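Okay, so here's just one chain, in structure tokens, the form predicted on its own.
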């Protein structure tokens, strides 16, 4: 786990002293809108009971109590069922007693022989595998609507059911459009571009958002909404209101077009936005004004804050015998850093609502895909492995084909198989995954089956596998014009199969013609001293040669192209080896007086985590 971003040094934050920064014309006119921008606005939008909502949409259910099962455990509860007091921690029997009319849906599962997951009356963890593909697809639809509805915003998909949205840029554009006088520095401005903006106009907070109160009920006799709306306005409040209008529109569109309700929190950074997103769920959005941050944070149990709920939170609670944010505010920064290291400035700042992390859009290309199964009934016979290989291959086939619908040029470098027992040492095999025009279950299962034979082929006696996974690694978006090596070969005798780009009448297609021209830009006649029958790898120093049969049936140019294919395949082999080293710790042999012992290979002077880092798991 990565430790949250922070700043070291003497950049100290006092107790909520940055809630009303001076905003100047320079701020409103600048184009570099970073995390220090005083008009920054970030939202976290979270789908309400997403798995349950997906099943409600699929079944056409609107207001019936419903839970989603994974084997015997409840993993999602819709809001009508929550009215009966049902939660994910209840046993199914207890949930039925609380609500006899409860609808029960088991997640889709894969079984051998089916290319698509299905919903079955009887599911068995010994033969079926859970599928979350339907939820991934629906999540992609929601995320696409964020992108379409907010084209100028920075959007970061945080999980399958939530996304961070940085509204700073579109809000800045809306500010200048709605209040055009801000774009002109007055002639009598005393400090020019650094002159503070004039007081903001009155605004209508509307009814689409809840306002978190600025004062606690003990401090005021007014209602929460009254105290929130009566506080003096700032230009950051205007920015929050503009973002709320945009967020509300997208949320309504998602509910109308897809049937999913969402809840959002809108504040000045990611931490606060996520914290207030669940303030009034479901189907709501909440605004946290800067002035309301102290009132909202102080009574909060600090162990409920992300990254403070584990070992670090326990250490803080034990060290100071406290439980709330307000209890920790008197602790000086120097004391935090003396006890927990320089990085403890992050703790000091997060308690005051300061979060310097950016909203970053993630790459649409996942570098890996993994289908895994913890086996209730272990594999004890070698012949039982292919059953689960086919089940896992079905999930990989579906996910890769779904990804290729949006990006047809995606392709994985490697297919990897892992098998192990409990938490013991897992064994693995991997190999380059060859390009095929159509990715089917049979293609992946055949490649996975070959890895299985290599993995357990030399095992004598019984085996016991309780965990098995099949995955793609090195998924990349290749050049759209790139074709398989077969399209480059002029002689059918070289490949022994029909060229994939050749039409039935034997004439090359336009795409093949382009590819042929690209290859022929290289020297068509190798020189006399250029070896076209073998090559020596500079990495492993092995010499590989073309087969005698191919040499006797192809011309010099065909041999050159076939040799190029062999080089590419050998390069992929070394790539697979590098993936294996990343997946498994490298081992070295230590020779003792009587036997060899394999131990993990580590650096001679390995330094463990220090300061605040020791409270986080390293993955």
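Positions refer to the first chain, counted from 1. Predicted model only: the values in this text are computed from it and were never measured.
The same protein also exists as the form predicted in complex with the DNA; that form is not shown, yet it is the one meant from here on.
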The DNA in the predicted bound form: contacting segment from 186 to 194, 395 to 403, 282 to 290, 347 to 355, heavy atom within 4.5 Å: 395 to 403
At the 4.5 Å heavy atom threshold, is residue 112 in contact with the DNA in the predicted bound form? no
Is there a non-hydrogen atom of residue 371 within 4.5 angstroms of a non-hydrogen atom of the DNA in the predicted bound form? yes
Using a 4.5 angstroms cut-off on non-hydrogen atoms, would residue 159 count as touching the DNA in the predicted bound form? yes
So, residue 427 and the DNA: in the predicted bound form, are they within 4.5 Å at any heavy atom pair? yes
Identify whether the DNA in the predicted bound form is within 4.5 Å of every residue in the set 22, 210 and 250, based on non-hydrogen atoms. no
Can you work out which of 444, 465, 275, 312 has a heavy atom no more than 4.5 Å from the DNA in the predicted bound form? 312
Though the DNA is not shown, can you say which of 147, 136, 339, 387 has a heavy atom within 4.5 Å of it in the predicted bound form? 136
Just to make sure I understand: among 74 to 99, which residues lie within 4.5 Å of the DNA in the predicted bound form, judging by heavy atoms? 75, 88, 89
